[in-house]
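The chain below stands alone, shown as structure tokens; this is the form predicted on its own.
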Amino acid sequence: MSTDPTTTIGIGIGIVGLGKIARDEHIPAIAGEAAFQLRALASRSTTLPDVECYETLEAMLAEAADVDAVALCTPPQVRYALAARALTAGKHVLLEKPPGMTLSEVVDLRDMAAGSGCSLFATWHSRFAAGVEPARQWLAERRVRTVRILWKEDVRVWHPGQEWIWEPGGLGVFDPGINALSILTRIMPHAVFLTEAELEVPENRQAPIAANLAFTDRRGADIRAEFDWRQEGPQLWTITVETEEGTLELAEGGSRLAIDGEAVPLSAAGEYPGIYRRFADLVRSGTSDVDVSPQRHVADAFMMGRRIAVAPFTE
């Protein structure tokens, strides 16, 4: 019988950073996944009852011997150094999206994980929305003609007071937009590549508040995406795919699926429970899952996008 503690008493996990995403998604998902036990938290300003709390990851790694893995829920600007420390200490690492500030950082972490024997998981939570895998399967044998993505939300509602998202590496409107790109790169039968980009950047910010993108694939599909953080009223997270054999629509971020106007029954399982089930499989098999394709498209947009100055943004 195996004596590996991750198979006999659960995978001990520590969370680094206790912001909104950790509280709303990671902690409930860990609590509902029998494979994991939340054993530690690293945060300079927040604590949790009944959980060992440390001010830094370094203190957690030094003192919490029962932590096998860490989930990094910090802004991406600081994630590389934290992940490198955890991997060096022999811990499995889960990265919130986007996995790092640059592609080079993420690739280096992937190589570091391969050399350490630890698992590294670059998560894309929208890929775990209930409609995404059924959509991928339906599109697999069909020729895509057009894709239309509308990803429009109110930044004041979803990111109030979060200044880091407007700084270099914070991505601006691509912070939610990368969710759409993670779905697109999962469901399309062939790889896509950017052909045009227009980025609207507030005069007082470093990152865009809106973006219009055009992509294609090897078969010449017409793919267009509109991202906007100025949306008031109903929030829009939809992807519509027209094929030669019908039309598919993912709505509400991928949680709803319709084909030719008919709703497809879906599982009620949430995104983050799916993430932690996948992470448990990776840890137990000693493998990693590091797909940088959504972030690569964002990098392409910043590299080739035409920038348009727009009105200053204030909270």
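All residue numbers refer to positions in the sequence shown, first residue = 1. Not measured: the values here are computed from a predicted model. Think of the rigid core as the biggest set of C-alphas that the two forms share within 1.5 Å after superposition.
What comes next is about the form predicted together with another copy of the chain, which is not displayed.
Of the candidate stretches 236 to 244, 125 to 133, 160 to 168, 144 to 152, only 160 to 168 has residues whose heavy atoms lie within 4.5 Å of another copy of the chain in the predicted complex. Within 4.5 Å of another copy of the chain in the predicted complex, a heavy atom is found for none of A35, Q37 and L82. In the predicted complex, another copy of the chain stays beyond 4.5 Å of every heavy atom belonging to R156.
Residue contact with another copy of the chain in the predicted complex: G305 places a heavy atom within 4.5 Å of it. Among heavy atoms of I15, none comes within 4.5 Å of another copy of the chain in the predicted complex. In the predicted complex, none of the heavy atoms of A140 sits within 4.5 Å of a heavy atom of another copy of the chain. For the options V78, M188, I209, L103, the residue carrying a heavy atom within 4.5 angstroms of another copy of the chain in the predicted complex is L103.
With contact defined as any non-hydrogen atom lying within 4.5 angstroms of another copy of the chain in the predicted complex, the contacting residues in 103 to 140 are L103, S104, E105, V107, D108, D111, M112, given in sequence order. Remark: with the core as the superposition reference, the CA shift of I239 between the shown form and the other one stays below 2 Å. Residue displacement note: I165 has its CA displaced by at least 2 Å between the shown form and the other one (rigid core superposed).
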